[in-house]
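Single chain ahead, by itself, as structure tokens, in the form predicted alone.
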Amino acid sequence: MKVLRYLIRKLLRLVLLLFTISVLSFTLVSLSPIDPVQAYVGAEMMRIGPEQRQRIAERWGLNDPPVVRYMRWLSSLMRGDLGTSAIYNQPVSQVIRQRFLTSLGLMGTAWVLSGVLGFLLGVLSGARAGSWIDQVIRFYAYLLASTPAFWLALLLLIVFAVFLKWAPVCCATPPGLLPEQVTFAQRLHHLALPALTLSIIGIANITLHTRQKLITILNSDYILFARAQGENLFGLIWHHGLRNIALPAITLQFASISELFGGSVLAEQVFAYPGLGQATVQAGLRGDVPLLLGIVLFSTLFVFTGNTIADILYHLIDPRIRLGVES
């Protein structure tokens, strides 16, 4: 019952959050200087006349006031219809599903790598605080924490794809091949460099927070007592430190989903990776309001779910923490 009440409260918060996000997003898009008709037509804009322009505007309901368009979109959303994408001429739900499946492998790989490597480096740095290993790890973490994702993506692309030719320059699969013709090895080959870019940046926060938490624990009174009883460093970390440093690490890792999604937008643009991030940029640049709103709502739901899972895992790891208190 406790978990059920907690999930109900979370669900109510989610509904309010999605409504607020949709209103703000629609307002910002409506105030955008981008002409949706011109963005839709593109380079052929000079070849169409006023009548064709009027028909396109009527087709997508662009002549109606913003409030009317929003209420129409909200009414369709309540029926489970996210609308039709002007760019891809497909249902928004279908575009999001196809693009998200492509991005899921990229974000999932980077998320796991950044969490595992960041935690291990943080433990190693904290256990050897003050040593040359600690200094190297901290320099690496501080350097990457201040590195823009797009700059690192461009740098890795130039080094590994252009100069060394170890990785492909673009795309999620080899160009010219049908999906059923692409092998698993080829998908991994195209996935490696974008995933490496995202994971490298995500390591920094986990490493620094885990290091500081472990140093605090190792300097506590009960650790000094355990040392006096002959416990070695490995035993201290294994028996007394892991549970305490795992809690903030889990929270940070799930909270980093929003940063991971934002980083994937930039990485997918640099590597021309056809995922949800690239679709977000295209929807914004070309004024595709239904697709942009659909992606915004989906990403909000995605991040909110990650934070909720973090809260539940927090409680499972340490039952002394009550659900709903830490959130």
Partner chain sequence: MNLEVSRSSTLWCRVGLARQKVFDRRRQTLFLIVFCVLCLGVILAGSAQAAVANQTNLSQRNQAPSWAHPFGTDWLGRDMLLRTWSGLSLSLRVGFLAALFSSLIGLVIGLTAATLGGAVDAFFSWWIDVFLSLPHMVVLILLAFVSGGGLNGVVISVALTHWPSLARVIRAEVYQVRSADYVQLSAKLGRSPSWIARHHILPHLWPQFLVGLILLFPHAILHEAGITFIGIGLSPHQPAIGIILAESMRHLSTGYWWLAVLPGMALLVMVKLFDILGENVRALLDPRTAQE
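Positions refer to the first chain, counted from 1. What you see is a predicted model, and the numbers here were worked out from it, not measured in a lab.
The form predicted in complex with its partner chain is left out here; the points below concern that form.
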property	result
Residue contact check: residue 133 to its partner chain in the predicted bound form, 4.5 Å heavy atom	no
Contact flag, residue 28 vs its partner chain in the predicted bound form, heavy atom cut 4.5 Å	yes
Close approach of residue 261 to its partner chain in the predicted bound form, 4.5 Å, heavy atom	yes
In the predicted bound form, residue 32 touching its partner chain (heavy atom, 4.5 Å)	yes
Candidate spot 8, 306 and 313, all three touching its partner chain in the predicted bound form (heavy atom, 4.5 Å)	no
182, 233, 171, 154 - the one with a heavy atom within 4.5 Å of its partner chain in the predicted bound form	154
Which of 188-196, 160-168, 236-244, 122-130 sits within 4.5 Å of its partner chain in the predicted bound form, heavy atom basis	160-168
Contact set, 266-289 vs its partner chain in the predicted bound form - heavy atom within 4.5 angstroms	266, 269, 270, 280, 281, 284, 285, 287, 289
